[in-house]
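The data below hold one chain only, encoded as C-alpha cells and taken in the form predicted alone.
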C-alpha cells in the first residue's frame, strides 16, 4: 500500500489571462483521483478564482469557475482562503462561491469546504505539507 502524502496547491494568480488557474484545477482533480490528501490555498489575486458570478463573455474565454463546485465530489474538502488577501481586495467570504461537500462521517451532512485563515495560520498549514505546488 502506498503512503498517502499531503499535497497543497497554492493559487496566487487571477483566474484568467494566464493558464495557471485552470492548470491548477486540472492537476488538483488528478491528484485527488489518486487518493492523496489534497488541499488548496488561495491567496493574493488567486482569491479571484473563487469569486461568484464570473462572466467571461467579454474576454472570449470559457468560465471554468463552476468546476470548483465538483471538488467535494473528489473529496477535496480543505480549501483555505487567506483572510488578508480577501480584505486587501475589498472582498468577503460572501463574495466567494459557496463550495460544499457531504461529510460521510457525519451522516452525509453538507459542510462548507472554504476555511478562512490568516497569514500565520496559512504558513503553519504550508509547513505541514509533504508537497506544495505553486500556481
Partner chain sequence: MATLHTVNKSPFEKNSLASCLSHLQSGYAVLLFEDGVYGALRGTTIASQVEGAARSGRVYVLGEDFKARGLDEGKIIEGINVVDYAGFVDLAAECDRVQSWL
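Positions refer to the first chain, counted from 1. Here the structure is a predicted model, which means the values were calculated and not measured.
The same protein has a further form, the form predicted in complex with its partner chain, not shown here; the description that follows concerns it.
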{"property": "Triplet 42, 81 and 119 all within 4.5 Å of its partner chain in the model of the complex via a heavy atom", "result": "no"}
{"property": "Listed residue that, although its partner chain is not shown, lies within 4.5 Å of it in the model of the complex (heavy atoms), from 75, 103, 26, 95", "result": "95"}
{"property": "Partner-proximal stretch of 66 to 74, 33 to 41, 103 to 111, 46 to 54 relative to its partner chain in the model of the complex, 4.5 angstroms, heavy atom", "result": "46 to 54"}
{"property": "Any non-hydrogen atom of residue 17 within 4.5 angstroms of its partner chain in the model of the complex", "result": "yes"}
{"property": "Residue 99: touches its partner chain in the model of the complex, heavy atom cutoff 4.5 angstroms", "result": "no"}
{"property": "Residues from 77 to 102 in contact with its partner chain (non-hydrogen atom within 4.5 Å) in the model of the complex", "result": "87, 88, 89, 90, 91, 95"}
